[in-house]
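One chain comes next, on its own, written out as structure tokens in the form predicted on its own.
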């Protein structure tokens, strides 16, 4: 294993040299940084040409100029790492240091959310092969996969930002929209849980009625103008989370895990008001980290209380339940800032933004207002990336799981008398993750490069914007800084993917 890693690392400089040399020369010969200045009649154009020629070494042939740029990169070994300067006289490193966190914030949230949703829908689709739900997910996956992301982004800006902001000025949900949405939710849940005709229509009726009542209550109370969850709703949701996590993690037959999860849900309700006081007086990321740490320690303690053996699954169930229940309390606290946020002069009653990553006019020291502003600017671009990415994960997961379910060891597990939940969770899903683990790295890197269009549409100043500035603005140093970062991420991402695959599959021995 170590020899394989060292060999891959030794090959990395050669790959980086070849890729950066090719990109640098192609960009240099394809674009003239001085083209617009030569056509300009401005009196200062001549001085700008002289300055850019000196700063960017444009009087040197591109192949030689590349090695001048490479000299700054190799300076990392003597403590003088230099990516060069941009056309605007700022360092490339400063531009990257600003853009990297912006892109990571966007891509990380989109990737994790798409992965969770795609895996869940893909698994259910495979387990219900040729059912109504499977046909619906297959159609949805192909539909979303075929849509161009810029078109999806424009639709989101129109209907989820502009139209929704207009709706908030005179909020009223028409009865036809209540019926339409309730029909959709009824079909979704009945396709998911329904079986024979009687059960299908009973689930459909229950989901339809529940959705209609919730929408009517939201409209009647104007909940969207002053949203919140409240202790009663959090209590109900926490109990539902406890049963759901237990069913997935260990099965409801595991009494110790169920007791631990329900205890954690009860503790979340007990801690609701103390947590709100802590958030109001000590709102910070450090406070959130401390509370998460307490949840983890509590889950470990509950596993020791409710069981003397096999405590791992119990601790896992309790911790996941606690974190999800705590997340509800955190969401409730953020929602409490909605009215204040919407009423600020910077927002002016239009809380869903269509452009930018933050509102520069919103100057406040309030921790919750600042984070709500970040979240609202994340919604549309993240949703655009999720809709495109989740389609692929549905198809990948469905295909991988169906292939695993047809293997001999699955039939053997069933023949030994294991129940279907154990067959799926302990045997099928673990092997399904093998091909998906290598796809995750590629998906993450692809989203970073694919975010170029999303950042352009929504006006984010991330890595995609830097890449476009480097290409369209004739800025070779900026372009190479972005290219070098992408190349390094791709090389080590593929190495990490191979290592993870080998760790998950004991049949693979890298370097043998």
Partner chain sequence: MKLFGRKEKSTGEILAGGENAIANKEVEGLSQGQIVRRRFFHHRAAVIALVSFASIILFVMTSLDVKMGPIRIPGWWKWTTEDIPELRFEDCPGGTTGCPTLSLDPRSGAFGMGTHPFGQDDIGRDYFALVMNGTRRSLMIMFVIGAVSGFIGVVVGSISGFYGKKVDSVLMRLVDFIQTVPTIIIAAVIGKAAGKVGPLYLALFLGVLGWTGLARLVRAQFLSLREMEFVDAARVAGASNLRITFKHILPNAVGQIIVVITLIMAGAILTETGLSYLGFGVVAPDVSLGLLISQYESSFTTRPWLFWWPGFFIISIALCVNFIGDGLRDAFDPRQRRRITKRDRLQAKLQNKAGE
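Residue numbers count along the first chain shown, from 1. Note that the structure is a prediction, hence the values are computed from the model and not measured.
What comes next is about the form predicted together with the partner chain, which is not displayed.
For the chain shown here without its partner, which stretch in 152 to 160, 206 to 214, 73 to 81, 356 to 364 has non-hydrogen atoms within 4.5 angstroms of the partner chain in the predicted bound form?
Selected range: 152 to 160.
Just give me the single entry in 327, 93, 289, 135 that has a non-hydrogen atom within 4.5 angstroms of the partner chain in the predicted bound form.
Selected option: 135.
Check each of 374, 180, 143, 270 and return the one that places a heavy atom within 4.5 angstroms of the partner chain in the predicted bound form.
Partner contact (heavy atom, 4.5 Å) among the options: 143.
Taking any heavy atom pair closer than or equal to 4.5 Å as contact, tell me whether residue 198 reaches the partner chain in the predicted bound form.
Contact with the partner chain, no.
Although the partner isn't part of this model, could you tell me whether residue 420 comes within 4.5 Å of the partner chain in the predicted bound form, counting any heavy atom of the residue?
Within the cut-off, so yes.
Would residue 468 count as touching the partner chain in the predicted bound form under a 4.5 Å heavy atom rule?
Although the partner chain is absent here, residue 468 would touch it in the predicted bound form, with heavy atoms inside 4.5 Å.
Are any of the heavy atoms in residue 236 no more than 4.5 Å from a heavy atom of the partner chain in the predicted bound form?
Because no heavy atom of residue 236 falls inside 4.5 Å of the partner chain in the predicted bound form, the answer is no.
Going by heavy atoms, what in 463 to 496 lies within 4.5 angstroms of the partner chain in the predicted bound form?
The stretch touches the partner through 467, 468, 471, 472, 479, 483, 487, 490, 491, 494.
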